[in-house]
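Next up: just one chain, as structure tokens, the form predicted alone.
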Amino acid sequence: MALNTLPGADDITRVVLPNGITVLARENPNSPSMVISGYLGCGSQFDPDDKLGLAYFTSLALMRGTEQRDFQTIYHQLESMGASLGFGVSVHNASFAGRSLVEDISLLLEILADCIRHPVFPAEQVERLRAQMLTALAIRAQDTADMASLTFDRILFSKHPYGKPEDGYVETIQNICLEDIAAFHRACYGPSGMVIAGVGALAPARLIQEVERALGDWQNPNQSPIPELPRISPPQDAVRQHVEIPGKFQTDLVLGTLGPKRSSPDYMAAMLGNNILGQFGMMGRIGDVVREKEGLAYYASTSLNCWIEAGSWEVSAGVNPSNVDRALELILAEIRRFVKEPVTREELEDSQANFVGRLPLSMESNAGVANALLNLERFQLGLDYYRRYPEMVAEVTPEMILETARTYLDPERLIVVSAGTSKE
């Protein structure tokens, strides 16, 4: 896919149905299939503290039976046409994704609509789901990387939905009853704020007709408004915490602080800087020093997670318990260098070429394009964002990266979390 064939305002159709559902469509005549993806504004930000995981539990239960279809019927119909459909949850949204051949898109949308509008949450199926969720949580509790990340988020985003796990805790999942799930669905699921993207060999006008047929008459006058979330402040002091998990041969480290939200003007400079610090090539500067040169880590890299309200700028590493302090020392040294001096012109040009070159690759599939369209809507980027992207990447300078790094990364105020077996 060349840059001039990326999605743009001239080939993306965007309409808002009378009931508030936004439809985004882009035709791909070269594909016999159709992908639909989307979200509804009913994520874990609605979860009560004593019932964390309620939004996630509800989303998983949607396909366990409806007023018209039982569990077996739903999956038999999907399998008979070689289609797929699934749900998930983030802090802000419940998401869905499905695919089918073009000739089966009507039935796929019908099943989607049935699951989100008329679920009945059969008791037996809900208890099976609960058992699966509790098993997953037991596994999570023994995973050093998961527990380090979970603890880091809890500290960084204290008293904020970003700091609470979407899948909850054992005790909160056990607290959730059938009526809680049904009540959550009644209160939070509705057409207001729903977005659906469709990509494939179907004309946009036809897709819009199909979505209208399946969902156009959906109403929920009692749908809960999106809650106002508390403000997030950066750490005022350094924090060091260890999560003891006996019997582990690897300790996982997560350290970092707040990063920019997706709509921040310095987002692109932060992304390119993060690529240089711990992503590009063999995981950037940090991967080169900690893993390649010193051999202290099984992996070492950075990540920049930019969401609607805020973001996190993190370094993750998996090390032998005896190497934790030395690995941490090297990582902090690289962060101090990163906020002290500009990146080199060569480093920046390599990362800029990498960003521009990989964008078309991310949209080689219908699913990739659908996800890209959803991001345009989710973060209000504008329909011409991907056409402007190479220019925005090229505008970033070493000085802009340095200023952005200094804005967010204070080496003396980082949260450092390790999880594993303490060294003897």
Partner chain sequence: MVETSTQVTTTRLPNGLTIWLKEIHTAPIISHWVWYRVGSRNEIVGKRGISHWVEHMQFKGTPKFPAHVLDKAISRTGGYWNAFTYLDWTAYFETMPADKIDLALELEADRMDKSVFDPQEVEAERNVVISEKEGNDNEPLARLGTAVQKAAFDCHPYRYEVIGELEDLQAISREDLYQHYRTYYVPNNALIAVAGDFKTDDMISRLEGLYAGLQPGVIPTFPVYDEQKLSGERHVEVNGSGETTYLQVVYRTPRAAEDHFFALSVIDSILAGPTSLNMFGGGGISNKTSRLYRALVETELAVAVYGGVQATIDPFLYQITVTLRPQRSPAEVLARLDDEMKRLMDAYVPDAEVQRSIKQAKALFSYGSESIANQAFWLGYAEMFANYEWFQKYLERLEMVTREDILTVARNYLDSSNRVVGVYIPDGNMQ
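Positions refer to the first chain, counted from 1. Since the structure is predicted, the reported quantities are computational estimates derived from the model, not experimental observations.
If you look for the form predicted together with its partner chain, you will not find it shown, but the lines that follow are about it.
J.: Non-hydrogen atoms within 4.5 angstroms of its partner chain in the model of the complex: do G82, Q125 and D350 all have one?
T.: Judged in the model of the complex, G82, Q125 and D350 all sit within 4.5 Å of its partner chain.
J.: Considering P230, P265, P225, G295, which brings a non-hydrogen atom within 4.5 Å of its partner chain in the model of the complex?
T.: Only one listed residue qualifies here, and that residue is G295.
J.: Which listed residue (S100, N93, T257, T172) meets the criterion of a heavy atom within 4.5 Å of its partner chain in the model of the complex?
T.: Of the candidates S100, N93, T257, T172, S100 is the one lying within 4.5 Å of its partner chain in the model of the complex.
J.: Exactly one stretch in 243 to 251, 230 to 238, 155 to 163, 186 to 194 has heavy atoms within 4.5 Å of its partner chain in the model of the complex; which is it?
T.: It is 243 to 251 that comes within 4.5 Å of the partner.
J.: Applying a 4.5 Å heavy atom distance criterion, does G88 contact its partner chain in the model of the complex?
T.: No, no contact at 4.5 Å.
J.: With a 4.5 Å heavy atom cut-off, would you call R358 a contact of its partner chain in the model of the complex?
T.: Yes, R358 is a contact residue.
J.: Can you check whether D104 is within 4.5 Å of its partner chain in the model of the complex, heavy atom basis?
T.: Contact check for D104: yes, within 4.5 Å of its partner chain in the model of the complex.
J.: Though only this chain appears here, would A367 touch its partner chain in the model of the complex if you measure heavy atom gaps against 4.5 Å?
T.: Contact with its partner chain, yes.
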